[in-house]
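Before any questions on binding or motion, here is one chain by itself as structure tokens, the form predicted on its own.
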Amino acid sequence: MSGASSVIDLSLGQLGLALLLVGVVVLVSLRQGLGLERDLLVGSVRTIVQLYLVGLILAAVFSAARWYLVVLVVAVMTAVATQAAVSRLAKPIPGGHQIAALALTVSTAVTLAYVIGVVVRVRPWYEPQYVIPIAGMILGNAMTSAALAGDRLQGDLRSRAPEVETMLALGFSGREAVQPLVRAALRAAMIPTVNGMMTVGVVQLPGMMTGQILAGSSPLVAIGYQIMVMFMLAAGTAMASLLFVRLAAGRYLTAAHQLRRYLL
């Protein structure tokens, strides 16, 4: 390390030593009969290969600094996040990919545009050093919240279908009948983010803050960015889960305000 603001470069040997930590998990799996050894091996290999490939791609994008390359990278990230969000649902939703794509695209685009253009004020706006990492954080959290909201909605619709149908029979609209379920799904999706805001800095130092401190930034500078990130993620996850669960709930209702039980 050449100076106080330098980052210690990890050699392949040091990364090999880090890999031994996975060996601890493998040992626990073997001793407890969890059967996770193969998944851990595959996951470790994928972690190494995927991150190195992403690193090479990002290095090229950062060097080129072209807006269309940045947009392409974010679009690919959104497509992967869409697939991941839908694949986590217990049962497919008709048009689920389109719903997820719309929810993730809108929530990420709105939040990213505000953070880049109003808060950080990046110039040029497509500076990959800022846009790609920030978009990745928004997408990752939005993907998880949308999947949580969708899973909770599906589960509640299956278990409370008679309640929904009773409300529909009493003259309530489809939107009114499923509103309690939508509210519960949104709450379930937002709880991890709210809990994170309650304990950030006390129970854990988040990734972005830790990375900046390791890179030599002042803790106060890192804290400023982390505060922005927490607020940004709260907005992104709220928008993504709201859009996803609202659109998904509509798929279970007919134009005549009847519940499509065969989809449950």
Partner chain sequence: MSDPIVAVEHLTLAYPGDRGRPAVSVLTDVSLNMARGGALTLVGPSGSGKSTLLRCLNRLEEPTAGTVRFDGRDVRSLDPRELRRRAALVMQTPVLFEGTVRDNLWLRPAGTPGDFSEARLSEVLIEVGLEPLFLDRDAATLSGGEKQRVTIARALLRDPQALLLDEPTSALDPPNAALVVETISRAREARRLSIVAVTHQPELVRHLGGSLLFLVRGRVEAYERLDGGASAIGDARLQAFLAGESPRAVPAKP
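Positions refer to the first chain, counted from 1. A quick note: this is a predicted structure, and the numbers were derived from the prediction, not measured.
Although not depicted, the form predicted in complex with its partner chain is the subject of the following passage.
For this session: Report yes if all three of T166, L170 and Q258 come within 4.5 Å of its partner chain in the predicted complex by some heavy atom, otherwise no.
Result: The answer is yes: all three residues contact the partner (heavy atom, 4.5 Å cut-off).
Exercise. Tell me, which of G117, P94, P124, P162 has a heavy atom within 4.5 angstroms of its partner chain in the predicted complex?
Worked result: Spelling it out, the residue with a heavy atom inside the cut-off is P162.
For this session: Would you point out which of 73 to 81, 138 to 146, 103 to 111, 171 to 179 contains residues with a non-hydrogen atom within 4.5 Å of its partner chain in the predicted complex?
Result: Looking at the other structure, the answer is 171 to 179.
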